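Listed next as structure tokens is one chain, alone, in the form predicted alone.
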């Protein structure tokens, strides 16, 4: 099981309580990625956002810097809002990152739950799904060949265009991200892509049927080059003491969703709902290393996923607490998960 972290570049507050520097948020990201690599985590993803609170708008720049100060960790997007970007530039940027990191780059392509990039880059929300479908098609074709002839509605046509650089391994890993849409699940299977589920609320086990749907669709399509993997992205936080971790993270979770609710028109979360989702089988993985490891293993029994990564820095969580949680995830949670899954793995005598 691969474990990791994802972030939208959460901005800290200064000593007066005002939102701090968006520039410092980028430096904080780099510090977090370096630590994640040092403590043995497998993956770090940066999700594209364009707000003051979450200003991680240029993931490949930060990941490129991280490539020079890390050795093993996979560096990816979580997600690239493909609908409002140019697939040619996305491919070139991540192929460059792949070269600089010696083959550690990945793209996770999604439509994005936030829509601020649509007016920013001159796109209409009326074209929400059409933009994504067309640009995903182009991105996948770019991954197949360095020269491409292609025509669509939303960007100029390509006539035997050369797209470089190219990855040493021949292609880039491209994941399809979804918040739980069955159509997206089937889309990933038809394209032979690995799928990444964002589980941000409610019982996590409700994604079990979607994982089953994905595997059944993969079998029916029989894509010749299918990369059938499942990952899970969850909000979460790890602390030495389970209750202290929940009490600390609740304050920042509440602030993040209170502010978001003011924009999108939903009420601030209540502590009772948070406690329901942060315990047992809920979507919020908050607690001690032992508790988080047990819950990851339990969800693996339902979904069979092979990567789980967590958003821990939200609601202006102090950087020191973010770094402390990363360290616990790598040094405490990962060994517990690996040991538990090794015990469950079939042996040659039982197969």
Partner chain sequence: MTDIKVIGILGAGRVGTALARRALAAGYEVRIASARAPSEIALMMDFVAPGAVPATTEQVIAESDMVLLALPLSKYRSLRPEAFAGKIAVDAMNYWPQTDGVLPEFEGAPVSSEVVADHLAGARLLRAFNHLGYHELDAEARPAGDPGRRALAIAGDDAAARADLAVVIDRMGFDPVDAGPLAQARAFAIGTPLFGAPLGRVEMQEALAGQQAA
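Positions refer to the first chain, counted from 1. The model shown is predicted, which means the values in this text are computed figures rather than measured ones.
The protein also exists as the form predicted together with the partner chain; that form is not presented, and the subsequent description refers to it.
Engineer: Verify the flagged residues 209, 217 and 267 against the partner chain in the model of the complex: is each one within 4.5 Å by a non-hydrogen atom?
Structural biologist: Result yes, every residue of the spot touches the partner chain.
Engineer: So if I measure heavy atom distances to the partner chain in the model of the complex, which of the stretches 76-84, 238-246, 200-208, 224-232 falls within 4.5 Å?
Structural biologist: In short, 200-208.
Engineer: Answer for residue 137 alone: is it within 4.5 Å of the partner chain in the model of the complex, judged on heavy atom distances?
Structural biologist: Output for residue 137 is no: heavy atoms all beyond 4.5 Å of the partner chain.
Engineer: Spell out, yes or no, whether the shortest heavy atom distance between residue 213 and the partner chain in the model of the complex is within 4.5 Å.
Structural biologist: Flag for residue 213 set to yes.
Engineer: I'd like to know if residue 165 sits close to the partner chain in the model of the complex, meaning any non-hydrogen atom pair within 4.5 angstroms.
Structural biologist: So residue 165 does not count as contacting the partner chain.
Engineer: Is residue 72 close to the partner chain in the model of the complex, meaning a heavy atom pair under 4.5 Å apart or at it?
Structural biologist: Residue 72 lies outside the contact set for the partner chain.
Engineer: Using heavy atoms only and a 4.5 Å cut-off, determine which of 254, 141, 155, 276 is in contact with the partner chain in the model of the complex.
Structural biologist: The residue in contact is 276.
Engineer: Which one of 179, 103, 146, 280 is close to the partner chain in the model of the complex, taking close to mean a heavy atom within 4.5 Å?
Structural biologist: Exactly one residue meets the criterion: 179.
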